[in-house]
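What follows is a single chain, given as structure tokens, in the form predicted on its own.
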């Protein structure tokens, strides 16, 4: 019999938290390292495959596949199955997004772990914005405006405060201001989070703006943004076309992915021939020192991200490693003896 055993570590949501997932400083470090590895050619990260239901343009739910391989000192293959449901948002106690991450040994291709990916998504999404803010935010930035007080809004507060320590106050905006108030209360005594339903007023005061909503049409107007602000768009289409087009510095996480996904700002502008890849610096290029971020306090910087699977896999691998050290999770076997070998 083979010495290799198909043992899988199963980590439920509570387990990934026990393993340290909510440590934003750690997640920021893992995220930036992953971007650097991508820039240095140590990562294979195919474009996401989007499955919208009933169709891609009019979806009410979707599933998306996000595979990746990370070499170097990580050496792991993985896959995130990301899913969202409009129906879930109407049901009490049901998350809008439900994600699962699997890890595999790249030599044997045996699965190593299956874990909840919903909270991993929340942490790494905000960490990606944190990395972008690190390179693009003004050194004198004092006020941030975060738009969207959902799951990502909750983690975005800690990501921005960790990545841009000069920030003194954060306006957290949501149409449902009670959600923003709840998050502000969670951070009371640690960060100065001001709940608001007035995005226009908050944006006009902000040196750094991050949009993290489920909107499918632009709401952040170019006229609301300071000439030298930093704007980070985390979803498909939240900012006016003009805002990106006039930016002095344009950033993104992955060109092919953003221009491939239907219904996105980048997809639209690329199809219209208004943007080309050479206009942008990618987060991997920034992290690897291949292109500069903000170079002047007078620059308008705009960065668009949609998430890359490699970061999910890197974070999941870190959580898997910590869980193994701490004896967290449930061990499963894929088979006792493999059939039909």
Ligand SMILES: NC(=O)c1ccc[n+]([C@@H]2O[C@H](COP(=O)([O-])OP(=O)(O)OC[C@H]3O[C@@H](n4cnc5c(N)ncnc54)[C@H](O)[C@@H]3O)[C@@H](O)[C@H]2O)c1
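No experiment lies behind these values; they were computed from the predicted model shown. Residue numbers count along the first chain shown, from 1.
One more form of this protein should be noted, the form predicted in complex with the named molecule, which is absent from this view; the next part is about it.
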Three residues, 96, 147 and 151; all within 4.5 Å of the named molecule in the predicted bound form via heavy atoms? yes
Answer option from 143, 215, 104, 259, heavy atom within 4.5 Å of the named molecule in the predicted bound form: 215
The one residue among 307, 39, 67, 293 placing a heavy atom within 4.5 Å of the named molecule in the predicted bound form is 307
Any of the heavy atoms of residue 179 lying within 4.5 Å of the named molecule in the predicted bound form? yes
Any of the heavy atoms of residue 175 lying within 4.5 Å of the named molecule in the predicted bound form? yes
Close approach of residue 235 to the named molecule in the predicted bound form, 4.5 Å, heavy atom: yes
Contact test in the predicted bound form: residue 121 vs the named molecule, heavy atoms, 4.5 Å: yes
Please name which of the stretches 279-287, 50-58, 23-31, 299-307 has residues with heavy atoms lying within 4.5 Å of the named molecule in the predicted bound form. 299-307
